[in-house]
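Alright, two takes on the same chain below, each alone as structure tokens: structure 1 and structure 2.
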Structure 1
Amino acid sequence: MSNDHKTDIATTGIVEGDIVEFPLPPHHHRLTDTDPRAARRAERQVSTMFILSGLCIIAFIAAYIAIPETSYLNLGPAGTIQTSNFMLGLTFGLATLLIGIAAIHWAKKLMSDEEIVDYRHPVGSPQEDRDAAKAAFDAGVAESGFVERKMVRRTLLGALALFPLPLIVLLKDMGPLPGDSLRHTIWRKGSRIVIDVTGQPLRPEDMQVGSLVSASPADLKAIQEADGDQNARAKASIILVRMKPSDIVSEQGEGWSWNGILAFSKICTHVGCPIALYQQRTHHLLCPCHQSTFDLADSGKVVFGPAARAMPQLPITVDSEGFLVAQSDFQQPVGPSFWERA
């Protein structure tokens, strides 16, 4: 080792065997380390911020309940803003900010201020190092004052207990509970089947073998106008296919088809994509989203892809005027599976 190199090490570090150790600068204690009154003052400041965070959460819930949606604040040149949104954002933001500031203040003023050097060690620590790490963790818990400083601990737990409440309160904005609406559509006994969009009713002779028609119930438009949404259309859309009666492998029972005409939901049972890709020779219905494939000649059973349920089938017949009609609603929920149906 050259003299210059020895001099450089002497000015920057201490050689001990093959390890060069670098001494730490002199440690300066904080005021809260030497003055108990300052420590208690910092403890009260941290606790106060945790309490204020909890009060902000309570204010959030009160604003959500009490402030009407029709109330607006005039911000001058910036325009107007809905009072409810402003107060919800303000209170929840302050609650988050106060918890963060309190945690930083706690760490800077009250937690242990000891400076240490931890040298790198080989990957896969021996058991004694693991024991040492656990001891260091336990020491850190003790030095943080979490156990000793009851006021900080209790106010922190209180603030954190209240903090998730806005997420629960906001669930109300997801709308009413679905009840049994997922299990039913607007199809009823005698509902006339019409071509989707045009509304033209269908007779069996209007369909040739191998054809596919997108259809819906005749009263869909009136129901949509009354409800003001597209939920009825999303659940009631069907496809009609016609094949030779001899090609039908199995049905769910008598009365589910009419002279080779079958009706199935148009909504894939995987994630709800609309389907209309029909292979005439194989009688397979292919979903364009994730390639789930259903055999319409075999009660709509899944033959390929991620879908877990067969396509729901609508039992059909003809009315006294010779038009195709439904015999009832679907016997199982349409669309993708939900929490009550695996």
Structure 2
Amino acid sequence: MSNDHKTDIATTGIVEGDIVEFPLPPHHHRLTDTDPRAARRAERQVSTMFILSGLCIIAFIAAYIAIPETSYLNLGPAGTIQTSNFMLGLTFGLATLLIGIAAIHWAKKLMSDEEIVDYRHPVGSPQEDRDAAKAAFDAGVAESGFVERKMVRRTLLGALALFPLPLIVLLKDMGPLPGDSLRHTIWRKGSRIVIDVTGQPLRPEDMQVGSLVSASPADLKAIQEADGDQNARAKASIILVRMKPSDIVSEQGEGWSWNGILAFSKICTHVGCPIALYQQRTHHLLCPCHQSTFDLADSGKVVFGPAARAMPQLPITVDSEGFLVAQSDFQQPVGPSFWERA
């Protein structure tokens, strides 16, 4: 080990021996060191700041008591802001700031500013300590029989290697296993498509060319209430767009659209942001998170950005009552890629 060091220094030829030491420059007295009036002035400044800080704290308490959260303050072009937040912050902030400024001013003007020198000692342990520690360690090793008693040593290492397993196994119930849950959504044959928020079912003639509708299956609300979470929504959200049938270049399946109305998953195939930035002239759908761009007129294929897979299309049709419904579930998993997804 120590041999290595020597060769290192030998091979690197560090320029040594040429160190020139310059003495510490002479100390110059400050005005406050030589002029008692300046020192008294600094003292007054420092204590004034401490007093102002205390006053700010009293103002803070007054503001806390007097100003309700519902009161607002108009600051003109800067906007209207919550008075309570502003006044509490202002008084507390100033009080804190003043203590800081006063303390530093005190240090700079009134405490000694003569630089002092401390000497460093080697950081590492001295050799005798290293030797003593090694001797103690060796003695311990010898007494334990760790080296000679191979059986004990090996079984100990084996036991310790197995020991953490329960800690890992116990994590198993953190969640259920994925199974095929990522491959399905709650869409199924005949699921009625309803407009998000209003929950209205939709007829083809309700949409005109250029329309965009955020939609979900009619039974989503009930399922969500039963599950108590948003899992179903996170996968089943779709957007419907209508374009001139002649504008459609291709679709993911024969007869999946209805008179120019196309349904696509709303969940980006990149990392799962919901997308509805539909640009009706170009039929492009842009993700606001990472700018993946999908051409909805051409099977939802990726035309720009980091997403690798086309936006999954939901096959739709019209039911006997004239409402838009799904022909089936999505024919591929929606959302981001995952290892088992083929």
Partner chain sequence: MTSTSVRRNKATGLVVLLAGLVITGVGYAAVTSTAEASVAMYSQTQIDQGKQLFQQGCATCHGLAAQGSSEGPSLIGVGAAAVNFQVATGRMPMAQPANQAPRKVPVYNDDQIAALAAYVASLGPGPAVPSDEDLNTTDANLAEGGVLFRTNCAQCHNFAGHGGALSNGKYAPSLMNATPRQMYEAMLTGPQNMPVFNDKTLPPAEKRAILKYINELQTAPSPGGLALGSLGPVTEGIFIWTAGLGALLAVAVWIGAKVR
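The first residue in the sequence of structure 1 is number 1, and each one after it adds one. For the two forms, the rigid core is made up of the largest set of C-alpha atoms that agree within 1.5 Å on superposition. Everything quoted here is computed from the prediction, not taken from an experiment.
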Completion exercise
The chain seen in the form predicted in complex with the partner chain is the one numbered 2
Handout entry: Threshold 2 Å Cα movement between the two structures at Phe264, rigid core reference
Key = no
Problem - Yes/no, Met49 Cα shift of 2 Å or more between the two structures with rigid core fixed - result: yes
Handout entry: CA of Phe294, rigid core aligned, shift of 2 Å or more between the two structures
Key = no
Practice task
Could you tell me how many Å the Cα atom of His105 shifts between the two structures when the rigid core is held superposed?
Solution key: 46.9
